[in-house]
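The data below hold one chain only, encoded as structure tokens and taken in the form predicted alone.
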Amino acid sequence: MTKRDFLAMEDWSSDEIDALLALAVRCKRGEVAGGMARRVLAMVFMDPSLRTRASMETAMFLHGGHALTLEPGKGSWTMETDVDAVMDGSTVEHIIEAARVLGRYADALAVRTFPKGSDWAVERQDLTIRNFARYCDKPVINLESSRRHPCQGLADALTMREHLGETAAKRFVLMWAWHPKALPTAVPASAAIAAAHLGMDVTIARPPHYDLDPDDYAVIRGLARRRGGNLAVTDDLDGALDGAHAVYAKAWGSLERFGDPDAERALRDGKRDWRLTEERIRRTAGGAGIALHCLPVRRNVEIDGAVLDGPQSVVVDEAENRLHVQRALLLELIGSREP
């Protein structure tokens, strides 16, 4: 049987994503038990995690399976991810053997890997996660890569459906937020894809020079139009927030300055007012738009503490929903159909 990977939400059809979300709702209601007895999920964390690791391990436990976690360089060998590397340096384990061996031990492999290089033309290919999928003969799940965080996108979609009800034609704003570091674009791109899947009118509010990758815009725009929504991009943050039903505040680095931290830092200077404040959340539809963030969040930097602790914040619901959408995903990929 041909294996099925989950590397990006847009790789699956809209009907398949809707089915996952429906199953997640049933999991959350307590209507689904078992299904993964004697199933094993191997996880490779090449970068840190709190929610992703905890929710995946919990998901496997709740359905009778087992999750094993590896952190290359911390209890397992340092890993070489360049397929053509001459390994005469500090790395010990090659991605090809690691992917093949873990595929023999486990029923699925989940990988978290952030961009490491200095050339966006290379990093945008998402080679590490795609090579794990290439060399592992079991399903591979993306736990955040250079380009996508599809499990977070699923949780975002479920959270917006829960709080907004009918999402079609409602306004979703992805707003760039200042941060002391240049963060990856995987989460903001995946959040906008999730909103597009819901048929929302998506607006991306960012300062000049902070556009997402052109291919990300094409994916978001195409999916939004197929589902009845649209995409707009603006540098007018306050205008974008007027009448919004959902606001996703998230920092990301300038792809134009990718690999040049000094130039990127200079570009960020003077933009600390790009922050979700109480005044800005009041600009949303009826003053009641929901505030989203993937977490961890820099309080009073990306989002004011008063907003995070207020009634319109759904960030903890989002974090909980990571568990339920991943339960659904794991059941779909490796769940047993036997009694």
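Residue positions are given as counts along the sequence shown, with the first one as 1. In this text, all values refer to a predicted model and were calculated from it rather than measured experimentally.
The form predicted in complex with ligand CP is left out here; the points below concern that form.
- Using a 4.5 angstroms threshold between heavy atoms, residue 52 counts as touching ligand CP in the predicted bound form.
- Proximity of residue 296 to ligand CP in the predicted bound form: non-hydrogen atoms within 4.5 Å are present.
- The closest heavy atom approach of residue 112 to ligand CP in the predicted bound form falls within 4.5 Å.
- Taking the partner from elsewhere, residue 149 is found to have a heavy atom lying within 4.5 Å of ligand CP in the predicted bound form.
- Contact with ligand CP in the predicted bound form, judged as any non-hydrogen atom within 4.5 angstroms, is confined among 277 to 285, 59 to 67, 298 to 306, 44 to 52 to 44 to 52.
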